[in-house]
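What follows is one chain in structure tokens, specifically the form predicted alone.
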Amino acid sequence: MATATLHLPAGAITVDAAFREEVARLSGQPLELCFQCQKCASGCYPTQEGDYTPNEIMRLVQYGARDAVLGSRTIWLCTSCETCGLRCPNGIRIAEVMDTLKQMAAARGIAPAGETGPLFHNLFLSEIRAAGRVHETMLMLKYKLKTGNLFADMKLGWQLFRRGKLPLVPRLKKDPAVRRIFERAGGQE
């Protein structure tokens, strides 16, 4: 694995050219087409809370800045709403790239300090793997127990419960197709 150091105004970063190819292969997206028009960033709400904008993440991936990207808070804030992909003039589905980066970070146990996104990500995938879909109430209960933040969002939770968005009884039916998807994905869960 060839590495080098890139000196940017924000400081020196270690780059790994294989990282760009790995992300392109896993996401299936033409990363080389991003020319930094910033349309993705202009429609991205989580950008306000992240450490990089989507176009900056794309540029860091193009540089091969593996550590900077996988340690970024931005990848965990992405909700995969697809706004960035719809705005991209080159048809790059940036949400697919962000999902790939989340998977790569999770596989390596990389998580920004204080960020609960990786925990939620793993719990979400565990629910999907176990039952074929998410039982929202159980997912939120597990998340709240693991974070120790049981009473935050109680008002919102009550409103969702009253509207039937957090059912007590799961309406789940195991689907063998989901199990096959996880088997095909192998270790990339």
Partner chain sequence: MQYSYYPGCSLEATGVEYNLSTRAVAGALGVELVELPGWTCCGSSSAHAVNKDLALGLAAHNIALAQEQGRDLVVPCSACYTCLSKADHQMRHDPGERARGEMLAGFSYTGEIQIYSFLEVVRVQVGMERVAQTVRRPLTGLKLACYYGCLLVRPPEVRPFDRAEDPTSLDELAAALGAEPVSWCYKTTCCGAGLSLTRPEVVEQLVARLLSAAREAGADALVSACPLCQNNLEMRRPAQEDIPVFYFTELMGLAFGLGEAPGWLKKHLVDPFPLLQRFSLVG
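The model shown is predicted, which means the values in this text are computed figures rather than measured ones. Residue numbers count along the first chain shown, from 1. Between two forms, the rigid core is the largest collection of C-alphas that superpose within 1.5 Å.
One more form of this protein exists, namely the form predicted in complex with the partner chain; it is left out here, but the text below deals with it.
Enquirer: Taking A4, Q38 and A111 as a possible spot, do all three reach the partner chain in the model of the complex with a heavy atom inside 4.5 Å?
Expert: The answer is no: none of the three residues contacts the partner (heavy atom, 4.5 Å cut-off).
Enquirer: Is there any non-hydrogen atom of S80 lying within 4.5 Å of the partner chain in the model of the complex?
Expert: Contact check for S80: yes, within 4.5 Å of the partner chain in the model of the complex.
Enquirer: If we define contact as a non-hydrogen atom of the residue within 4.5 angstroms of the partner, is A106 a contact of the partner chain in the model of the complex?
Expert: Yes.
Enquirer: If we define contact as a non-hydrogen atom of the residue within 4.5 angstroms of the partner, is L26 a contact of the partner chain in the model of the complex?
Expert: Yes, L26 is a contact residue.
Enquirer: Taking the partner chain as it sits in the model of the complex, is A185 near enough to touch it, meaning that at least one heavy atom pair lies within 4.5 angstroms?
Expert: Yes, A185 is a contact residue.
Enquirer: Within 4.5 Å of the partner chain in the model of the complex, counting any non-hydrogen atom, which residues from 109-147 show up?
Expert: Result: E115, T116, G117, F120, H121, F124, L125, I128, G132, R133, V134, E136, M140, Y143, K144.
Enquirer: Is R180 one of the residues whose Cα moves 2 Å or more between this form and the one not shown, with the core superposed?
Expert: Passes the 2 Å threshold, so yes.
Enquirer: Once the core is aligned, does D51 move its Cα by at least 2 Å between this form and the one not shown?
Expert: No: D51 shifts by under 2 Å between this form and the one not shown.
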